[in-house]
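Shown here is one chain on its own, the form predicted on its own, set out as structure tokens.
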Amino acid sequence: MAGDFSDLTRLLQSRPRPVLASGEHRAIVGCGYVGSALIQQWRARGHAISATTRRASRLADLEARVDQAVLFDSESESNDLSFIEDIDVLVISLAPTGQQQVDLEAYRSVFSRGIERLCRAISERRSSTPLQLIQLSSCGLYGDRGGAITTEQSTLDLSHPINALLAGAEERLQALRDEHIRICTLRLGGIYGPGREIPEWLLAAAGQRVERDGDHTPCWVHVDDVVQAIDLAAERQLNGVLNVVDDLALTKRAITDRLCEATGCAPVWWAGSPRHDRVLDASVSNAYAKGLGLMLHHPSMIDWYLSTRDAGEAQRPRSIS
């Protein structure tokens, strides 16, 4: 009898689990690194998903992963955004792509003209179905605050044109709020995770002189925690602004020192040259998001990297001497 149960167990495990319909239609505008992770989680939960890409070459791949794939070009007046009419949750995750250097015109295309086209489509919805809109923005908006503790109420640095564009996009979307539309802006730290191992990029400079200031305080967040924050905003139907960052409030110099010491590398020599004209130097607080229920899976980028590195080393085959 026990053998029969084990055979049945193996049979059930070999078959795909049924996906139960959630009754929600969710959409993602901009399916890059975060959007792809979000698709995977939402599919597992049974949501119907519409998603956009700006490149026709990616459309077939996207069609294989979502219920409806749509081309969205921030410069086009002929985008078909009719899917917005009957969705429950809309995530806007737009960013310039393929830019090796900051290109102001690329940012203007996305965060001015592209956002305006989306806002027009949202405001023209005829449906009275409640819509939860979630925008992914950047903690870079806080600028150079000399490392001071920074909350959602802190002033923004609008002196740089990139920040001015980002802030304008936030303001334009927030203005859509009404009795049927709730809007939550998530200001994110630098995103890391599988395939985006920022500590490895930093370690690539080990033992070298870097002609930049290492004494500013950036902020970071794991892609899993971004997805978690999006789900929190959707499920709690949040309004307003949330900082979504991990607990690591260290200067770039301190981060590289810890990474180099832990991995046995020579330290990075930060030359202390004048700061770049757009820099984040702020101890960004995540207390408000945590108070609303955000529980970080990865509180420290350093700890995440070292744990995944150790796991990878343990799985590598050892040579026989």
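Position 1 is the first residue in the sequence shown; the rest follow in order. The model shown is predicted, which means the values in this text are computed figures rather than measured ones.
Omitted here: the form predicted together with a small molecule. The next part is about that form.
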| item | value |
| --- | --- |
| Partner contact for Arg26 in the predicted bound form: the small molecule, 4.5 angstroms, heavy atom | no |
| Glu152, heavy atom within 4.5 angstroms of the small molecule in the predicted bound form | no |
| Contact of Gly240 with the small molecule in the predicted bound form (heavy atom, 4.5 Å) | no |
| Touches the small molecule in the predicted bound form: Arg54 (any heavy atom, 4.5 Å) | yes |
| Site check Val89, Leu131 and Arg172: each within 4.5 Å of the small molecule in the predicted bound form by heavy atom | no |
| Option touching the small molecule, based on a heavy atom within 4.5 Å in the predicted bound form, out of Leu94, Leu250, Ile183, Ala234 | Leu94 |
| Selected contact from Val34, Leu259, Ala289, Ile49, since only one has a non-hydrogen atom within 4.5 angstroms of the small molecule in the predicted bound form | Val34 |
| Residue stretch of 122 to 130, 109 to 117, 154 to 162, 209 to 217 approaching the small molecule in the predicted bound form, non-hydrogen atom distance within 4.5 Å | 109 to 117 |
